[in-house]
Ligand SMILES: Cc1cc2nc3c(=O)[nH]c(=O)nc-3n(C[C@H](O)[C@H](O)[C@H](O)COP(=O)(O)O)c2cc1C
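This document starts with one chain, in the form predicted on its own, laid out as structure tokens.
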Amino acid sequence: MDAADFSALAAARHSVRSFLPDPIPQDVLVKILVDATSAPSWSNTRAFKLALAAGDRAERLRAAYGVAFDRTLTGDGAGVDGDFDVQARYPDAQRAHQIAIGKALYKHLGIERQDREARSAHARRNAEAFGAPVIGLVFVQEGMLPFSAMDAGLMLQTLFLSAKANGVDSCPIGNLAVWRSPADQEFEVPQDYKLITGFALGYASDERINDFRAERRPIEMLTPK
């Protein structure tokens, strides 16, 4: 692979929000996970753990997240038991971009701001991992924060790029970290490992939502003194 090939691969990866039910072959999934081990890590500690659910386990996890999401619609925070406050208000500078992408996505889908039912239905698709055949959850070692979170991010980007190279689509789903209990029902998670994000792997459907592309802004550089 030359530089142009890598640039094309990096540009081709995007967040898919509607997946086919087709399973990912086990050998392909193993290749992706092996590639992810090449990501750098703080002092090579690799202070994160990964949980993958496919088949019946994925369906149980999806159902549990759906139930948890429905409970939050009461507005009283019922069912929210995540390790981090994923729903905290963003700082003003970042909130502007959060709002902008939300407006762009809903406009793409034809969902009006006042249509709360449609907005909630779309948000629920996040909790269902957009129907992906593989649901991933990422846990970071609490005592190694923030470095464990940095390492987990490096691993995930490597995993996502490998997935794309192997014809598999992906989507990070931070909203899955709103709830911890569905993961604890399916996996043996050490107490000092905290759920920081989820993600989906699979094959994109031809639904219109997958035509959406977020703006890729340039990296902000600091001005030298």
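Heads up: residue numbers just count along the shown sequence, starting at 1. What you are looking at is a predicted structure, and each value in this text was computed from that prediction instead of being measured.
FYI, the form predicted in complex with this ligand isn't displayed, but the following is about it.
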Note to self: So, Ala214 and this ligand: in the model of the complex, are they within 4.5 Å at any heavy atom pair?
What the structure shows: yes
Item checked: Contact flag, Ile173 vs this ligand in the model of the complex, heavy atom cut 4.5 Å -> yes
Checklist line | Exercise: Thr72 in contact with this ligand in the model of the complex, heavy atom 4.5 Å | finding: no
Checklist line | Non-hydrogen atom contact Ile101 with this ligand in the model of the complex at 4.5 angstroms | finding: yes
Next item on the list: Report whether all of Arg57, Arg62 and Trp179 sit within 4.5 Å of this ligand in the model of the complex, measuring from non-hydrogen atoms.
Entry: no
Item checked: Contact set, 34-67 vs this ligand in the model of the complex - heavy atom within 4.5 angstroms -> none
